[in-house]
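Next comes just one chain, in structure tokens: the form predicted on its own.
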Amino acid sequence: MSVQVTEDQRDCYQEISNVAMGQAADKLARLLDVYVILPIPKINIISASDLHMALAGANTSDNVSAVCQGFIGSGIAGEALLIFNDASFTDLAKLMKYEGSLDYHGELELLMDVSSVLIGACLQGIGEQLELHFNQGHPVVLGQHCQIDDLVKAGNHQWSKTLAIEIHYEIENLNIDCDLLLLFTEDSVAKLNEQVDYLLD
């Protein structure tokens, strides 16, 4: 089954992602009392091998930590991947007024808190616009303080091509940045396109 989106559909996905990304950024900004810098989300049809390139391009820092969370609903399934620049933890701990020691567990707690805000708000924003409801699975840590290469090996991707929405979040004047990738399964794309076509009509 070939996974395709038309130019109009791509524009619509971009618009939807923009709104959802803004809602998620707003939640993050309120939580941390900061200004979040938002670029334009990237919408691509990628193969599993392209995912490696997308991830490598997404994050230039040496070490990253990542969380993956599956989601499903209304015949659509996929996974959200949040890749966090490791240099972000110190600033993040300050902003979140984290009192504990910044060891493995402390960082894990911060990572889980931020990923639940960003992934949850983003999926909710996309779902509301497309009139879909997503149930989220439990977040799973793919790795802490590792290289992008290790993450991709850890990801067990069953698909050959997928729709990917890539969103980069950065916090002004602080060393905090992360990438959120929403990857929809091949079977889900046709259903998503149908929903998008309703909006385009």
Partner chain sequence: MSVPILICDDSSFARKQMNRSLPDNWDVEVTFATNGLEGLEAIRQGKGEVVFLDLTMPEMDGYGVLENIRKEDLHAMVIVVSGDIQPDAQARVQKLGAMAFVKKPIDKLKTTQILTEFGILSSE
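Positions refer to the first chain, counted from 1. For clarity, every value in this text was computed on a predicted model and none was experimentally measured.
Here the subject shifts to the form predicted together with the partner chain, a form of this protein not shown in this document.
Scanning 183, 178, 12, 192 against the partner chain in the predicted bound form with a 4.5 Å heavy atom cut-off leaves one residue, 12. Scanning 174, 132, 142, 38 against the partner chain in the predicted bound form with a 4.5 Å heavy atom cut-off leaves one residue, 38.
Heavy atoms of residue 188 never reach within 4.5 Å of the partner chain in the predicted bound form, leaving it off the interface. Interface membership of residue 150, defined by any non-hydrogen atom within 4.5 Å of the partner chain in the predicted bound form, is ruled out. The closest heavy atom approach of residue 146 to the partner chain in the predicted bound form falls outside 4.5 Å. In the predicted bound form, the partner chain lies farther than 4.5 Å from every heavy atom of residue 43. Heavy atoms within 4.5 Å of the partner chain in the predicted bound form are found in exactly one of 43-51, 66-74, 134-142, 23-31, that being 23-31.
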